Structures are given as structure tokens and as C-alpha cells.
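Given as C-alpha cells, the chain that follows is alone and in the form predicted alone.
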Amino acid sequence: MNGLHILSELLLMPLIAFVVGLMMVLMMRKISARIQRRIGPPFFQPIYDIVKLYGKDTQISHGLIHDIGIIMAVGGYIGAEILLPVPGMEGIADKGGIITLSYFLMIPSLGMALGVGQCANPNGSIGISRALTSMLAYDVPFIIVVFGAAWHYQSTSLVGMIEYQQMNSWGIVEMPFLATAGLFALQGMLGKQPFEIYIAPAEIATGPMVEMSGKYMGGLFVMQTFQLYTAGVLYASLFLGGGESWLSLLPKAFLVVAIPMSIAFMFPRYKTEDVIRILWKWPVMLALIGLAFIL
């Protein structure tokens, strides 16, 4: 019975992540529209987009690696969902921990690199080189933040971190510098303005997505829903005490995603070297100051 219970959680957690991620995509578009003085899309527009993309005939496949790349891009986040403890469901979070989760978060970018690399399109290659450079830029402060949080909580288990915060105070109160650095890293991880250089539609024809159409583009859309959900819930678990119920967790996760989205549409896009310089300067400096206070 215990095995069936875990199996049901492993199936239900990605489904919940997908549904909540769709709402986050809608929120992101609404924020963009309001900032630009537009009305924005209707409530069910994200679902319409996925149905439309998967309903198209995808006749162009550049080989097995092209297909595997999309599977890795989506599968990396699906694996991350079962390592994120949420109210009523822990999956295998107590066994995997934040270190395993950090590795899973690197898989989607690598999968996209494999898939687009198979296409041999110069625009895609430029986009992937920029994407991997951006990943290197935001991973440095992210890993420092994860290490600092694990040291402070004396645990690499997200379950233990949440329990600590619920018995004491939130991580953002006890580790404000690390929490701020984590928010910076989150901005880069989501790949939104001003850190969207690897897409740069006006320069390289949407970069990695140039050879992705139909079901492939639908897969990337699904990946984005998981990406937004994972980023919001992970930050809430590390610094905002997680949630004893969905009513307490979801507002935190939506707020965490809304903050970088609101900032994103107010700034221009940075160049690749600027992305590295900014992410290795301010977030890393704040993270190191935060480490100095807790070590």
C-alpha cells in the first residue's frame, strides 16, 4: 500500500505542476500586457496554445538526438517535481535532496543543446552557445545559495529545511543576503529580460527554437510551465517556509514568479558578456556576504 501511495504521488505531482504552471504562464502574459497597456490573453489561452501546437503536423525531425533533446528538456523538470515537497505529498524529496534537484535543473538546458545541435542551424547554434553561457552565469550564484542554505539548515533535505522554517523563522529573515542572491539567480534561470540573450528574436531568429515547430515547440511550452512552477516552489521552500497547505504555498510561489516577471518587462536585454558580469558580480557578492554571516 505504501508503494501504491508513493506511485500515486509521483504521478500526481507533475500533473499539479503542469496545471499550476499554466496559470503562471497566464499570469506572466497578463503582467506583460498590463505593463505595456494591453488587455492580455483570455484565461484559457495557454491551453489553446498547447492544443494548437500538438495538433500541427510535425514533419521535420533531424534525427534521434533531436527527439531525445526535447524528452530531456521536459523530463528534467518532471524529475525535479518529484523532488519538490508540497503539501500532502513529498514524493522522494527526503531521499533526493537539494543536491540531486540541482542536477535535475541542469538537464533541460543540456537536452535543448543536444536537440538543437542536431539541427546544424547556425542561428540555433548561436542561441545554444549563449544559453549554455547563461547557465554557467546563473549556476554559480545558485550553487552558492544552495550550499549556504544547506549549511544554515544543517540538512540537504528540502523536507528538513521546510520543517526548520516552520518551527523557527523563514529563511528570508535569517538569511536575507542569500535570499536576495537567490532571487537574482532565479531571474537568470528563467531566461527572461534582461537575461534572455540566447533567444534574442530580433538578432538570431529565436535561437534554440528556430528548428522547433509543432510538437517540438509544444514540448518547450510544456517545459516552460514546469520551469515556472519549479522556480517558484523551490524558492518558497528554501526561504519562505514552504507551505502547510496549498493555500499558503501557492501565493508564495506565484509572488516569487511575479517579481522577476514584473522586473523583466521593464529592462532591455543585456549582451552575453553583460549577463556573465552582472550575475557573477552582484548575486555572487551577496551570496558570499550571506555565507560569511552563517559560517
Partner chain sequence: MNLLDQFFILIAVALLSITVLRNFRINDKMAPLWYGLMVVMLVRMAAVAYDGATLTSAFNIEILGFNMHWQFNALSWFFAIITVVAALASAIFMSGDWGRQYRELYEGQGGNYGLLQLALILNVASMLLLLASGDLLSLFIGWEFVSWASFLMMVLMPSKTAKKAAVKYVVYAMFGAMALLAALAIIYSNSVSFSGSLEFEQITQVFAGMDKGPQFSLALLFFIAFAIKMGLLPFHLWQAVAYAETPGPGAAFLGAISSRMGLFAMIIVIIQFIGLGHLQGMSIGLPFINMQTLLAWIAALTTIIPTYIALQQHDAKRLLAWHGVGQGGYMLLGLIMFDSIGSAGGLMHVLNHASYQAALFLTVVAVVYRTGTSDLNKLGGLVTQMPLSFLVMLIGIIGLAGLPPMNGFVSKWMVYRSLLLNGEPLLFVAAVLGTLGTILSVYKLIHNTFLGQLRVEHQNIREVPWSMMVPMLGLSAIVFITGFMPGLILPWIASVQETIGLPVIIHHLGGIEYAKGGLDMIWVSGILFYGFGVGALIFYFLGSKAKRVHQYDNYAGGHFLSADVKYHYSNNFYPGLMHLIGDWYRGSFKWMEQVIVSALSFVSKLFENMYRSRQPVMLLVIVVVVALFSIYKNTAGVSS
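Bear in mind the structure is a predicted one, so any value in this text is a computation, not a measurement. Positions refer to the first chain, counted from 1.
Only in words, not in the display: the form predicted in complex with its partner chain, which the text now covers.
- Its partner chain is not drawn, but in the predicted complex it has a heavy atom within 4.5 Å of Tyr54.
- Although the partner is absent here, Phe195 lies well away from its partner chain in the predicted complex, with no heavy atom inside 4.5 Å.
- The closest non-hydrogen atom of Thr133 lies within 4.5 Å of its partner chain in the predicted complex.
- Residue contact with its partner chain in the predicted complex: Leu10 places a heavy atom within 4.5 Å of it.
- For the residues Leu190, Val140, Met89, Ile172, the 4.5 Å heavy atom test against its partner chain in the predicted complex is passed only by Val140.
- Of the residues given (Met223, Ala179, Leu186, Ile82), Ile82 alone sits with a heavy atom within 4.5 Å of its partner chain in the predicted complex.
- Residues of 137-156 that come within 4.5 Å of its partner chain in the predicted complex, judged by any heavy atom, are Asp139, Val140, Ile143, Ile144, Phe147, Ala150, Trp151, Gln154, Ser155, Thr156 in sequence order.
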